[in-house]
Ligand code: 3PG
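Next up: just one chain, as structure tokens, the form predicted on its own.
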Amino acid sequence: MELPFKTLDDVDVAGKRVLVRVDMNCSVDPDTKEITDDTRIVAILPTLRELEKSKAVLMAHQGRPGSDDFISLEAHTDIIKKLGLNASFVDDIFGENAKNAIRKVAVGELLVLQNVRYFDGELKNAPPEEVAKEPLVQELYPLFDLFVNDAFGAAHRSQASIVGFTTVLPSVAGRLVEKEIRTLTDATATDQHPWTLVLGGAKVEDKVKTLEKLLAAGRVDNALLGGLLGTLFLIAKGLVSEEYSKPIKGFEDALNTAKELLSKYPDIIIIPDDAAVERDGERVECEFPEMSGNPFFDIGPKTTKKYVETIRKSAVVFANGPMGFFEKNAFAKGTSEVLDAIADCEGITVVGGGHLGAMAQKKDFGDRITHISTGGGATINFLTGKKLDLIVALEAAAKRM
């Protein structure tokens, strides 16, 4: 398969100062703020090791402002060191401390910059030429010879650190981006059925739009919903009280879309039949009328059984996002059993999303699932046929090169 962008095969990195954008947005314990899974860091090792003859500087994000996992990248740097690389950390992104540290990086060294989302301008989504005007890009690009993007998990975002540098520096894909695009292209080329989508997690605004696009494409036979997305559809159907909408951002707009989709695709959209709530610190499995306002943290046993049976009969399964608040062990059950079913499925199986992919890796399902993607929204966007912003930017950079 010929790629429309350039990779590390097309450039000489020896002795060059290289800026590397990666995605090592890891699962973080909400209480201790410690990293609980390093899957995404391990995934970028092939690229980092290939750059050991260069002066490499790493740029990445962790969480977003206001979220429980919005932390410094110092802990990520410690993990990189433990994995055998000569890494150091600077608590700055593009100020004088960062620039001085970048100038001092020697061949074989790896410098990790502070969480790029500590800079407000990074959260702006706009065309590459526009985000390239952000100080993040303007202050840093003169210091580098090459830009390598290996952040597949953020490939669907048109932000300064993802696409801005492609307009001002020679730019290529890292090994992870290259592998993801090749693998997902092959996996989505099949026309086998039944084609089952398992969609959960908390980013409801994005996922309800994605679900709409996937259903419109006519590819999906079964859409199994969980997490806050499942809650949204239960509220839309009047099965769960609207009091459960509080954690759902953009609820009103998402609710209208959910009602339309339920009306249009009643035989395809499959929603939970029961719940697992937290009551007095314990997991309690119950019917919806018995939830009593307690936190709705997981799908219940009837739902899990129904989802597992559907998955095992599928020819193709794409899964993105957990079924509940899996960070709490008592509420990881639904997600864990759904993953077991995906591993048992004899069809083509792709698991995307940081959290779900991390759990699949932790369960050692690497050999039993066709592909465990490092992308969440990026993988889903790829499935809808949308060209990822990162890939568009790398293609344009390849033409300029």
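This one's a predicted model, so the numbers in the text were calculated from it and none came from an experiment. Numbers follow the displayed sequence, beginning with 1.
The form predicted together with 3-phosphoglyceric acid (3PG) exists for this protein as well; it is not shown, and the discussion that follows is about that form.
Asks: Just to confirm the contact call: exactly one of 337 to 345, 31 to 39, 57 to 65, 361 to 369 touches 3-phosphoglyceric acid (3PG) in the predicted bound form at a 4.5 Å heavy atom cutoff, so which is it?
Replies: Flagged stretch: 57 to 65.
Asks: Although the partner isn't part of this model, could you tell me whether residue 200 comes within 4.5 Å of 3-phosphoglyceric acid (3PG) in the predicted bound form, counting any heavy atom of the residue?
Replies: The answer is no: residue 200 has no heavy atom within 4.5 Å of 3-phosphoglyceric acid (3PG).
Asks: Taking 3-phosphoglyceric acid (3PG) as it sits in the predicted bound form, is residue 175 in contact with it (heavy atom to heavy atom, 4.5 Å or less)?
Replies: Answer no; every heavy atom of residue 175 is more than 4.5 Å from 3-phosphoglyceric acid (3PG) in the predicted bound form.
Asks: Should residue 381 be counted as a contact of 3-phosphoglyceric acid (3PG) in the predicted bound form, where contact means heavy atoms within 4.5 Å?
Replies: Residue 381: no, not in contact with 3-phosphoglyceric acid (3PG) in the predicted bound form.
Asks: Against 3-phosphoglyceric acid (3PG) in the predicted bound form, would residue 76 count as a contact residue? Criterion: heavy atoms within 4.5 Å.
Replies: No, no contact at 4.5 Å.
Asks: What residues in 23 to 44 sit within 4.5 Å of 3-phosphoglyceric acid (3PG) in the predicted bound form, counting heavy atoms only?
Replies: In sequence order, 23, 25, 40 come within 4.5 Å of the partner.
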